[in-house]
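For reference, the chain that follows is the form predicted alone, supplied as structure tokens.
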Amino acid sequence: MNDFPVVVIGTSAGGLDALRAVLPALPVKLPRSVIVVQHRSADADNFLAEFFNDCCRLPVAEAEEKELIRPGHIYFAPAAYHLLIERDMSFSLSVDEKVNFSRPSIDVLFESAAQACGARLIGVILTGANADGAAGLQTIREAGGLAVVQQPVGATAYYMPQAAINAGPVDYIMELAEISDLIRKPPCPKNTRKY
């Protein structure tokens, strides 16, 4: 049984290098969808999806409006749009106001994912230089999902993972390689609470 069919990841400053350590390590036939918000400028092109599609074993693309989320795929939030997960497990895009100075916002994705997936969700905060994602990660944990944070020591920008830890309890504080392992093989849901 796939207890965690969806993984949401949020990152900002230093995110490209962090994602390079996590995403290409994921195996073919991963039974989970991986959905990423990487902060970037509003006029950014499709570079992230194209770059990771070339170096990952899973197909990688930008999420599209009303697209159904498929396991074994990696999706990036498009530049200048909030990315949300609907209850029917499709994407929606929004041009609502920025949240935490960001669009796409990690909090927006995480909070919508928690509503759609409940306990069947893993939320991951990686390197970054603001507090976006801290509240959303707590929403995931309150819904019964797993809250995972990159070890701030050694992160390119420690502020975002540290803000997530400061916001409330998290389940795991991990190095990047450990995060890849957890996405590949999550722990038993009954044995998850660590911090």
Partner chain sequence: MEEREIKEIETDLLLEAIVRLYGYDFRNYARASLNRRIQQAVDKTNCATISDLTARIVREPEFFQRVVANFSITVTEMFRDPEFYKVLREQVLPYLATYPFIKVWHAGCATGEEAYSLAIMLEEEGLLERATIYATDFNEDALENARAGIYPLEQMKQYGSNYRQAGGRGSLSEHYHAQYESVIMEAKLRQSITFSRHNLTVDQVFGEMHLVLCRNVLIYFDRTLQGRVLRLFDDSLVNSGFLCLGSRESLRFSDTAAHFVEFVAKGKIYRKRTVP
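This structure is a prediction, so every number in the text was calculated from the model and none was measured. Positions refer to the first chain, counted from 1.
Beyond the structure shown, there is the form predicted together with the partner chain, which is absent from this document and is the topic of what follows.
Highlighted residues Leu84, Ser112 and Gln115: every one comes within 4.5 Å of the partner chain in the predicted complex, counting any heavy atom. By the criterion of a heavy atom within 4.5 Å, Gly72 is excluded from the residues contacting the partner chain in the predicted complex.
Taking non-hydrogen atoms only, Glu65 approaches the partner chain to within 4.5 angstroms in the predicted complex. Residue contact with the partner chain in the predicted complex: Ser94 places a heavy atom within 4.5 Å of it. Taking a 4.5 Å heavy atom cutoff to the partner chain in the predicted complex, none of the residues in 8 to 34 make contact.
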